[in-house]
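Have a look below at one chain only, the form predicted alone, in structure tokens format.
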């Protein structure tokens, strides 16, 4: 059984699969403490296409991130504090957001509609009064008005100034503000730096003079950053600007390093949370707080995908197969009962690779080299992973289910309904209980979305 786990890369903390196991029947299990879920049985009961959400994984990852920063802050005797702000654009679903708030996460919004969710929770007294909210993204009139309204209601809310228009509007804002800098640093990531339109250049920021109630310097240099050195190079540039800005604005006391921590979706060797956090805190302890009046800035990070992605898997059933006869690396097409373009849109949009594991027949000794394709009529509705995927050979009369790991970030919010296909149903697995967050959509329900 251990060899099977090694083969499918399960039970590995470095791959974010430490909670997954295989039973003697070759079925995929997930363990929550001493409880375990048989994912094959759940798939048969709730039918595919299906998303399974595990809130305890969210809680575990938030707790681990905060504890790791706090450990190295204490080790290096660093004077600043750490705050994790979850960027709501990663996943706005209730079953994702509430667990992370319960573990001490703060929030970051990027639109008026996301801030409306915060308003609803705040007015329902769902938040501890220590919650902090950062507002990024271009600020419409409604967005700015809602920021002001919540500030007047006592919420600790900080708008991050992105451009000259926002700067003018917020000049008389009575709360704390931040400002975003577009660093002169380029990283290898899913980010088109050639058309970066967010924030001020370093020269522009330093030329603004003193800004009322400026508390946060914020930057963001990419998403899914594969190399730790790119994160550190950005930090070095950010700290350099922070020091200069602090001399002009003595009340400045926080640096927000943004998001970008990569999700290990293809389960290869990459940097760890412990390793990069140690480097971040070590660098800050050496280059700030040295009696030069700069002090040790508080640290904010927004590693949303890192927290959310591993908390959900998406499961499909193979509904057909077709031989590939033109000498391709793969030998067969496996057709799934969902759509990559709709349900895992990053497959199509940014050629995202995923960790693909069968739900049943994990102990099969007969594996096929396959490509996977969706059940829409579009030739782009496919997943090849750049090569092929090894999955059990499907014997006559047998049903095969396939899981895609790390789908908790972005896929739902970006999803569509190409060919009017239904979205996956969604179940939440927590404390041994199963709750249905979204049922399978009927043709009538989908038709109504398009006016029928």
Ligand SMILES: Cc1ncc(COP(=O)(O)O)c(C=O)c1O
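The shown structure was predicted, so the numbers you read here are calculated from the model rather than taken from an experiment. Positions refer to the first chain, counted from 1.
Just so it is clear, the following notes concern the form predicted together with the ligand, a form of the same protein that is not shown.
From the list 296-304, 329-337, 140-148, 360-368, the contact stretch for the ligand in the predicted complex under a 4.5 Å heavy atom rule is 296-304.
Contact here is defined as any heavy atom lying within 4.5 Å of the ligand in the predicted complex, and by that definition not a single one of 71, 227 and 283 is a contact residue. Contact annotation for residue 246: none of its heavy atoms lies within 4.5 Å of the ligand in the predicted complex. Taking the partner from the other structure, the ligand in the predicted complex has no heavy atom within 4.5 Å of any heavy atom of residue 199. At the 4.5 Å threshold, heavy atoms of residue 401 stay clear of the ligand in the predicted complex, well away from it. Proximity of residue 223 to the ligand in the predicted complex: non-hydrogen atoms within 4.5 Å are present. Proximity to the ligand in the predicted complex, defined as a heavy atom within 4.5 Å, singles out one entry of 105, 170, 373, 90, which is 90. Taking a 4.5 Å heavy atom cutoff to the ligand in the predicted complex, the contact residue among 242, 261, 96, 354 is 261.
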